[in-house]
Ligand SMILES: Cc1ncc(COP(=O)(O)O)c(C=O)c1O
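First comes one chain, alone, set out as structure tokens in the form predicted on its own.
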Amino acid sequence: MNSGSSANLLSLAALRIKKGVGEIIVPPLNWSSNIFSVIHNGFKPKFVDINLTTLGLDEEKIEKAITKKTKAIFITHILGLNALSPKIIKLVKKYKIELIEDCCESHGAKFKNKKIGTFGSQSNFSFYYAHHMSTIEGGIICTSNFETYEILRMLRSHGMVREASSNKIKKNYLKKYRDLNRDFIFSYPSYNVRSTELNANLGISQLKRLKKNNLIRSKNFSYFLKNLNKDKFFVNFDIHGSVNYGLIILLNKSYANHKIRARLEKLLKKNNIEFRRGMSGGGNQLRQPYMKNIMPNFNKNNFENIEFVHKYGYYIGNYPNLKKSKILKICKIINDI
């Protein structure tokens, strides 16, 4: 695909074609295009609060959100963390619904020693230049379902049947639509979201370095958490199998207030440490303008964790040539608030 956002959009389009419309369970800590993909495809987003240790869906609250209308659980692996759990996988099987994984921020992360992106019926990756590997702009959808794969190939390129790899599919369309030019049969209302050879070559070259770079990023994040003041900052993230491209800063609930937050941001700016407040996507998507007509009055009591992350969560850059001395310096600076 030409982006991870396009990957999200098409994965939901393929789901709609196969399963029809309904509800999709999503976390409010998300990139906006994840929610856009749900809305644009005619689904209703159903939000469930997050778990602070994974920043993914709170597995204890998911089952209550599942109804007869639920078509999928659409999880997001935030900032290199793994958002999967045994319970989520059991719920998908129990209710016979789809699991779609957004792995755009977590290339190479693992759950139970197996790569994320291999558990869902579809998984989406982004190759934006800020992520673990880049094609400048780019993305990919992975699936082990042959029908989904063929639908995606056509959706990606104007819905053209000639883009399918299956001769059987092509013959069926040709037989049914004999009056059409075989090169211009359009199967579904579709998109043009193809990538290019140039992007592909960049991605192939970076893929060779991904594992080595991810190991460094993981060590960086562990070292960062080890040196944070645990009285001031939350450090109990589940980092087993994580490949963080961001150093996550989250104030402790017992310590956080707006005055402390202001001091922290002042320190970061004074020392030229670039940061993002709210973490991925700017924090709670339920607060965004585009949600006003979809969910105008969400109950904040049902979203305690995302509300806290929205107000007191940050991330700063983590990259393979970031030296330990600089990580230690950053920790000393922010520990001084």
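Don't overthink the numbering: it's just position in the shown sequence, from 1. The model shown is predicted, which means the values in this text are computed figures rather than measured ones.
There is also a form predicted together with the ligand; it is not shown, and the following applies to it.
The stretch among 191 to 199, 233 to 241, 127 to 135, 207 to 215 whose residues place heavy atoms within 4.5 Å of the ligand in the predicted bound form is 127 to 135. Contact with the ligand in the predicted bound form, judged by any heavy atom within 4.5 Å, is made by just one of Cys104, Ile100, Ile248, Leu81: Cys104. Site annotation in the predicted bound form: the residue of Asn305, Gln285, Ser33, Thr54 reaching within 4.5 Å of the ligand with a heavy atom is Ser33. Proximity of Gln122 to the ligand in the predicted bound form: non-hydrogen atoms within 4.5 Å are absent; the residue sits far from the partner. Annotation for 1 to 22: interface residues with the ligand in the predicted bound form are Ser3, Gly4, Ser5, Asn8 [heavy atom within 4.5 Å].
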